[in-house]
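Listed next as structure tokens is one chain, alone, in the form predicted on its own.
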């Protein structure tokens, strides 16, 4: 009996509902006894399920079937009040999300990729906002937004609390209403910093979203880099 065979049996039991979300799987000792294998074989079988995202390990308690209750991020439209932001499509109340502003910098040097995306000249400054979204105190999304300091510095966008409607409402008030958005979405493995920031298990993939906001005349006024725990989110698109 191989580790792959043990994983196959347990996977089938999870998919059939024999083991439901939150249920504890047999221990290494139980698998050793049931299959007549060495501890390392049993351990490897369990680890294969973890690598597939089917289970989570709770140290001192065992291995449990992972619950997947996705946060739906509907990217097909914003809010009527102009408050569409990188995360406005998420029903934060319904999803149990809270937002924590980590840092706001009124004027900072623009990284080269930001300068290129926003069409800034070398030496032009940007306003930077960093936010963390949590679900029941567990981080699920990290976002960093960059806006030209020429339109954001000295406004509530550069304050800790941006006010009702968010950044885009403030841009609209200042005459720079975002009306079109472009998103690039990449699935990838997380960096060490992202593993620590989102408190995810090594090997858990993330979704990396780059979102650029444009005004009516096509001027880019914001670029946001968003990293989502792929085990927590579902992206929804309506395409006519």
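Numbering follows the first chain given and starts at 1. All figures in this text were calculated on a predicted structure; none of them were measured in a lab.
The next section is about a form of this same protein that is not shown, the form predicted together with the DNA.
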Indicate whether the DNA has at least one heavy atom within 4.5 Å of a heavy atom of residue 7 in the predicted complex. no
When the contact criterion is heavy atoms within 4.5 Å, does residue 36 count as touching the DNA in the predicted complex? yes
Give a yes or no for residue 24: in the predicted complex, does one of its heavy atoms lie within 4.5 Å of a heavy atom belonging to the DNA? yes
Taking the DNA as it sits in the predicted complex, is residue 208 in contact with it (heavy atom to heavy atom, 4.5 Å or less)? no
Segment assignment from 188 to 196, 209 to 217, 57 to 65, 167 to 175: heavy atom within 4.5 Å of the DNA in the predicted complex: 57 to 65
Let me know which residues along 31 to 54 have a heavy atom within 4.5 Å of the DNA in the predicted complex, or say none if there are none. 36, 37, 38, 39, 40, 41, 43, 44, 50
